[in-house]
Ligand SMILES: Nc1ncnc2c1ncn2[C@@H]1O[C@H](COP(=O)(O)OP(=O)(O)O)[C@@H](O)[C@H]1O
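Before any questions on binding or motion, here is one chain by itself as structure tokens, the form predicted on its own.
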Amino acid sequence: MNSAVKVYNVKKYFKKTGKLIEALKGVSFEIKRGEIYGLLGPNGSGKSTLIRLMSTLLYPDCGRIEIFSHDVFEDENIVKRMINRVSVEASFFMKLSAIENLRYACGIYGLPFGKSKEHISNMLEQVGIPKNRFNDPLENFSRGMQQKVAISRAFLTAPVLMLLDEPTTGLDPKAKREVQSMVKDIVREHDATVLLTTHDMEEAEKLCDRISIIHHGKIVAEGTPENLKERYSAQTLEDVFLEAIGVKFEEADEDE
């Protein structure tokens, strides 16, 4: 099976102040198995709506989404077992430690703690949490360390598709580099596929095998970072965005 995700002509509407807003306007793309696929766009462009649709938290008003050939609506329970998600703001019991939070997650996922104990320790070590911090309350962790724990928690279920929704937003440069490096390592070691939403051009270029640029609920360009730069005779992805959209990224962000 070469395709992990297929999105066909997906539309999504929301009501806002009595008006019907079209958040997604016929979005289509495909993610190959083992790819890190980037969805690059300003705030309000439709990135998080797509993540929620793939997470089965929302259903499309038109079109179809398949996760490893399973429809997110018709096969919801199967899809839920295949995915996990990390968002910009990870939710934790902040008074509890990393170990305690992951133990709780094991219970939620129905994973037997006896078999998961060593797995939890290995996951925390793998993402760079020092052993002497395993039992510290998460409220004493930096945002970067909390995001690492969130990604560890997401990989407890060995998902074949990881949905990363702005996972490094708000992190300092060092923490951002560490999380980015850790994502690449874990994806390789766990044979996972990743959909990454971001508005960080440098992050998209560094992490993603292919990228779609989304603006006002539409995909306006797709390709590898190098293909896109070549197609638009651009030096950077920011220049690609300017050529594809006609405005700078910051201006598009304000406009959404």
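Don't overthink the numbering: it's just position in the shown sequence, from 1. Between two forms, the rigid core is the largest collection of C-alphas that superpose within 1.5 Å. Quick caveat, the model's predicted, so the values are computed rather than measured.
Just so you know, the form predicted in complex with the ligand exists too; it's not on screen, but the next bit is about it.
At least one heavy atom of A23 is located within 4.5 Å of the ligand in the predicted complex. Within 4.5 Å of any heavy atom of the ligand in the predicted complex lies no heavy atom of S212. None of the heavy atoms of N227 is located within 4.5 Å of the ligand in the predicted complex. Within 4.5 Å of any heavy atom of the ligand in the predicted complex lies no heavy atom of S69. Contact with the ligand, judged by heavy atoms within 4.5 Å in the predicted complex, is confined among 203-211, 45-53, 183-191, 61-69 to 45-53. In this overlay on the rigid core, I21 has a C-alpha that sits 2 Å or more away from its partner position between the shown form and the other one.
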